[in-house]
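Presented as structure tokens, the chain that follows is alone, the form predicted alone.
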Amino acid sequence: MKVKVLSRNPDDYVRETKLDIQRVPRNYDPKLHPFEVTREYTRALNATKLERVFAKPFLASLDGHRDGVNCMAKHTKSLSTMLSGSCDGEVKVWNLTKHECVRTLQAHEGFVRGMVVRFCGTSFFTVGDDKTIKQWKMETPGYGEEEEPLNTILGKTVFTGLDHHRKDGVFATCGQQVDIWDEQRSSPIRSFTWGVDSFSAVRFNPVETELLGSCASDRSIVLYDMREATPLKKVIMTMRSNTLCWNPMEAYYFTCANEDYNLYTYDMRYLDKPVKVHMDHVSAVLDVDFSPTGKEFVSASFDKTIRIFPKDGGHSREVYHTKRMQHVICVKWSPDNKYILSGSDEMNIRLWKANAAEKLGVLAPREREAANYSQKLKEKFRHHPQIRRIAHHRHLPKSIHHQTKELRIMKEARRRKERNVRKHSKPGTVPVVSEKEKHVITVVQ
């Protein structure tokens, strides 16, 4: 007589020590899990709804300025330190963990137009309407010491922008021309002009550190190489760009904030059309800053909102606004990718979460696992109509809602008129111009 006996190897399911993970046999055959997708869809829907419930992005308001906040600067070495300059020439140094101002200094007469922290973090530079560049110590002066700048350079014209090299003791200013300065000298080591009245912003490339870009008043964006005697090339657009920001991970890409309510991401090698047009604002975009990962950027606008865009997305994934916030002049993304700082007209600096529904503080391992699982489910089902509708819906102020509607109607009317003209013209006389090509007039080498 034969007896069939089940025989199992204990090594397959018995733990060696009590610290080991329990081994659970799992059969991945989809026939054995007929309701897996429906169950996951329900979980994804619930996770999306809960994300909207827990979306509380506003963290703190830093008040203390007596005039509108005109510019901000991130500390290169300290996450908790941030600097801001206002329209009355005052500069404040903030401790972000305590939400308080640790130092105030009267830096300039008139506006503080630009400020930047030196790459080593020991000092910072400011420029203002009084035609001066000043270098200040980062440490607060000791008891009885005067609040004096380390160095003062008097320029011939008003400076409108400032940025520092990532590795060397070199910085760039812009005004009527773009000047490259050595910290040890009181006159510029190189000046770039290209038949332009004035420049509004200048930025060093964080990856290819010898490259820099600037926005000019003749609606052009000009690119330079510090090793060359002349500018590289420029692209002239239909409307003026206020500022630009280089992608910190992809050396060739930069995004500019334009007066025509849009942002444009360019590849500096092919300037004849932008890589992407980012639309959603309903007024001029005044500032832009990339996240340290290079995957997203934040923009500040005259329409009293800040928006977060994916670098390759045409529309924003998030919009932040409060009842009291006025025109947002400057915006910064913190170097740890967690927070966003915005400075606005009504003298306040606001601290926001970069991810509105993210839980701050220490997460238990199970909490982190649950959050990661929810995130994966939301990504898997993000194209389903109901989940997409809930994830994309945002409450907007009435004025912005109406302006968005109005802009959509105007755009549709323009498109319809163009279609009708093309329909009643000889074939080929009215070419189809893509949205990307519409905003670029020419590229000058």
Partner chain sequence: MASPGEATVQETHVGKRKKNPARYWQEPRGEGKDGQTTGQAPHKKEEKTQETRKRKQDEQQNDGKKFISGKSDPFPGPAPIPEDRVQKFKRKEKTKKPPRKHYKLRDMITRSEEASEMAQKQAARFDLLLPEDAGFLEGDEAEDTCTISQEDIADAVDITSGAKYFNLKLSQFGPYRVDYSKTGRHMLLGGRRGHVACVDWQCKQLMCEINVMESVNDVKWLHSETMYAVAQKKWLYIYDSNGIELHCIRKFNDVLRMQFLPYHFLLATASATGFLQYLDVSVGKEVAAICTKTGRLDVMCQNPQNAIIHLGHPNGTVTLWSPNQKEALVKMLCHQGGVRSVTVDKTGTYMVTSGMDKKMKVYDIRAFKPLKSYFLPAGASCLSLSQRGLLSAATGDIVQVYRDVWSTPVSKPYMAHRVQGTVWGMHFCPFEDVLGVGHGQGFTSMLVPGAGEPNFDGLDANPFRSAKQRQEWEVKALLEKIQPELISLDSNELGKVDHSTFEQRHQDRVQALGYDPLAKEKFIPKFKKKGRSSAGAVERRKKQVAHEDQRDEIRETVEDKMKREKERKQRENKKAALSGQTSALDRFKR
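Residue numbers count along the first chain shown, from 1. Because the structure is predicted, anything quoted here is derived from the model rather than measured. Whichever C-alpha set is largest while still superposing within 1.5 Å between the two forms counts as the rigid core.
Not pictured, yet referred to below: the form predicted together with the partner chain.
**Student:** May I ask you to state whether P25 is within 4.5 Å of the partner chain in the predicted complex, using heavy atom distances?
**Tutor:** Flag for P25 set to yes.
**Student:** Even though the partner chain is not shown here, does V432 get within 4.5 Å of it in the predicted complex, heavy atoms only?
**Tutor:** Yes, V432 is a contact residue.
**Student:** Would you classify K436 as touching the partner chain in the predicted complex, given a 4.5 Å non-hydrogen atom cut-off?
**Tutor:** No, K436 is distant from the partner.
**Student:** Are any of the heavy atoms in R389 no more than 4.5 Å from a heavy atom of the partner chain in the predicted complex?
**Tutor:** No, R389 stays farther than 4.5 Å from the partner chain in the predicted complex.
**Student:** Out of the stretches listed (401 to 409, 65 to 73, 51 to 59, 28 to 36), which one is close to the partner chain in the predicted complex, meaning heavy atoms within 4.5 Å?
**Tutor:** Comparing against the partner chain in the predicted complex, the contact stretch is 28 to 36.
**Student:** Indicate whether the candidate residues V3, Y13 and H384 are all in contact with the partner chain in the predicted complex, with contact defined as any heavy atom within 4.5 Å.
**Tutor:** Every listed residue reaches the partner chain in the predicted complex, so yes.
**Student:** Need the contact residues for 399 to 430: heavy atom within 4.5 Å of the partner chain in the predicted complex, sequence order, or none if there are none.
**Tutor:** R415, R419, R422, in sequence order.
**Student:** When you overlay the rigid core, is the Cα of I21 off by 2 Å or more between the shown form and the other one?
**Tutor:** It does, since the I21 C-alpha is displaced 2 Å or more between the shown form and the other one after the core fit.
**Student:** Would you say whether N9 is displaced between the shown form and the other one, judging by a C-alpha shift of 2 Å or more on the superposed rigid core?
**Tutor:** Moves: yes, 2 Å or greater.
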